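Read the single chain below, which is given as structure tokens and is the form predicted alone.
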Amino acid sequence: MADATPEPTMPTDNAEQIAEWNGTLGQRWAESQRETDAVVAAFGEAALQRAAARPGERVIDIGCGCGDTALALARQVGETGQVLGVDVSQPMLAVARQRAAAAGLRQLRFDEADASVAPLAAGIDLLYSRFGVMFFADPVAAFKHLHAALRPGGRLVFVCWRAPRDNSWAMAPLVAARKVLGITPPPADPLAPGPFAFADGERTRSILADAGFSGIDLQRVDAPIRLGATAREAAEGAVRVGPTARLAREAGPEHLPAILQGIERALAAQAASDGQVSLGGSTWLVSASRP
């Protein structure tokens, strides 16, 4: 649920996901807030521009994570508006609350909750999410629930990942780590909850239509993602958070040096002349409204 870059093979039960985001996984994301926000900043900014929150509006940020976009939304709606950031991760919400307090944004608050089922206020102007809606166990039911919170004419805007093959920033380190470990994963279920659950644009349209939304629009947004100033830095980041981090945790600390070396070698081959590593990221920018 948390605003996040991908962790693959997420559990399909919401209770399991909540436990994951309140354990080591959530703590790592909280500790890496600046780095992870930088990775997805371009996509979140594109969604903020599409959402165009206005002074006085009431907004919910779904899967708000460490609060980066909730802070931006609060500034946009001003003191006459209200922003609620919702997430299941206690560690990430602790960071979000600290940031909001430091910024003095009284119009912003946070709730620890699963937005797909938690009671939500009615009459909301805008539902927003940066990579926070792809983990719903029952996406149609979840979006029906969110739809009910919107006022007539209210807007939904979110950004989600396109297919793994279009996101080399996430897959290149993972493929390198699998090669080191000699792992050939079974084919993934493209419909299962997880970071790439909405990669199929037509499926995403169908989910939103079944949930009662209209004016559904999907725009492809691509941007390079900077992984590190060097291949080694990029490799170290990959094993902290993201898809490769899960694999590294499951493999055990004894395999970490070899995994790092394998990823560094693979990314060095794709580095720029100054050593920096930036690879492609690809998303859907999705917007819809309540009739």
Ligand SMILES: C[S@@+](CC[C@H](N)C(=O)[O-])C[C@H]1O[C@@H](n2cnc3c(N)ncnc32)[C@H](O)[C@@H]1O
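A residue's number is simply how far along the shown sequence it sits, counting from 1. The shown structure was predicted, so the numbers you read here are calculated from the model rather than taken from an experiment.
A second form of this protein, the form predicted together with this ligand, is not displayed here; the remarks below concern that form.
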Candidate stretches 197 to 205, 88 to 96, 210 to 218, 174 to 182, one within 4.5 Å of this ligand in the model of the complex by heavy atom | 88 to 96
Closest heavy atom of Gly81 to this ligand in the model of the complex, within 4.5 Å or not?
-> no
Non-hydrogen atom contact Asp37 with this ligand in the model of the complex at 4.5 angstroms | yes
So in the model of the complex, does any heavy atom of Ala113 sit within 4.5 Å of this ligand?
-> yes
Mark Ala234 yes when one of its heavy atoms lies within 4.5 Å of a heavy atom of this ligand in the model of the complex, and no otherwise.
-> no
Of 57 to 72, which residues get within 4.5 Å of this ligand in the model of the complex if you count heavy atoms?
-> Gly63, Cys64, Gly65
